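Encoded as structure tokens, the following chain is the form predicted alone, with no partner shown.
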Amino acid sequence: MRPREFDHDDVLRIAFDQFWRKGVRGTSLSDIARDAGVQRGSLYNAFGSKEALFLQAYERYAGDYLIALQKALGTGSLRKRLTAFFDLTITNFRAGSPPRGCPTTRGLMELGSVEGEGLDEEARQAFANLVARITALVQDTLSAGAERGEFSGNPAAAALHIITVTRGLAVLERAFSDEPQLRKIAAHTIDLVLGKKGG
């Protein structure tokens, strides 16, 4: 068997950048091959299809993003942890020039309502798994905050509320591209969950 003619991680990074900027529908394997400096056939041989390449690239992104979220949620008071969580989330949406938005929200919008259209059930499950894992991280952070006396609400309900707000922030970022507005909403959400700072 011949060795691979390209760096697998490098191709996943290049592919994900294109998928994030242009969506799966707007990205071709030819575009990825050109930017990665490889033959299109090599991508087909390695990944099988554009959708399979997207899933591998998305899983790589999801793993990296979860590590960054764990770090953001790992130190400081509960308020500082939630602020760091929203900071990372908003920074992620605003990355790129022009800003690329949220790859999960973008991908969810490309899911087909009819079999054979858009991304498939495997992609939907990958998106749902990442959202569920992020929700669990936030819930664990709130539960730990409750044990330290920093939170008196329901961690599961509050985590779902916070994650729902992040989905709304992703849509508002696309509509208005107004980072100060996103940060105000994030700060207000933290105040709703924890109570006003100093209050």
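Don't overthink the numbering: it's just position in the shown sequence, from 1. All figures in this text were calculated on a predicted structure; none of them were measured in a lab.
Keep in mind the form predicted together with a further copy of the same chain is missing from the figure; the text below concerns it.
task: Establish, in the model of the complex, whether Leu66, Thr83 and Gly145 all lie within 4.5 Å of a further copy of the same chain, using non-hydrogen atoms for the distance.
output: Looking in the model of the complex, the three residues Leu66, Thr83 and Gly145 all stay beyond 4.5 Å of a further copy of the same chain (heavy atoms).
message: Looking at heavy atoms inside 4.5 Å, which stretch does a further copy of the same chain contact in the model of the complex, given the options 36-44, 161-169, 136-144, 56-64?
response: Stretch 161-169 is the one.
message: Just checking whether Arg21 would be counted as a contact of a further copy of the same chain in the model of the complex - the rule being heavy atoms within 4.5 angstroms.
response: It does: once a further copy of the same chain is placed as it appears in the model of the complex, Arg21 has a heavy atom within 4.5 Å of it.
- prompt: Do Met109 and a further copy of the same chain share at least one heavy atom pair within 4.5 Å in the model of the complex?
  reply: Yes, Met109 lies within 4.5 Å of a further copy of the same chain in the model of the complex.
query: With the cut-off set at 4.5 Å between non-hydrogen atoms, does Pro98 touch a further copy of the same chain in the model of the complex?
result: Judged by the heavy-atom cut-off of 4.5 Å, Pro98 is in contact with a further copy of the same chain in the model of the complex.
query: Wondering, does Gly149 line up within 4.5 Å of a further copy of the same chain in the model of the complex on heavy atoms?
result: No, Gly149 is distant from the partner.
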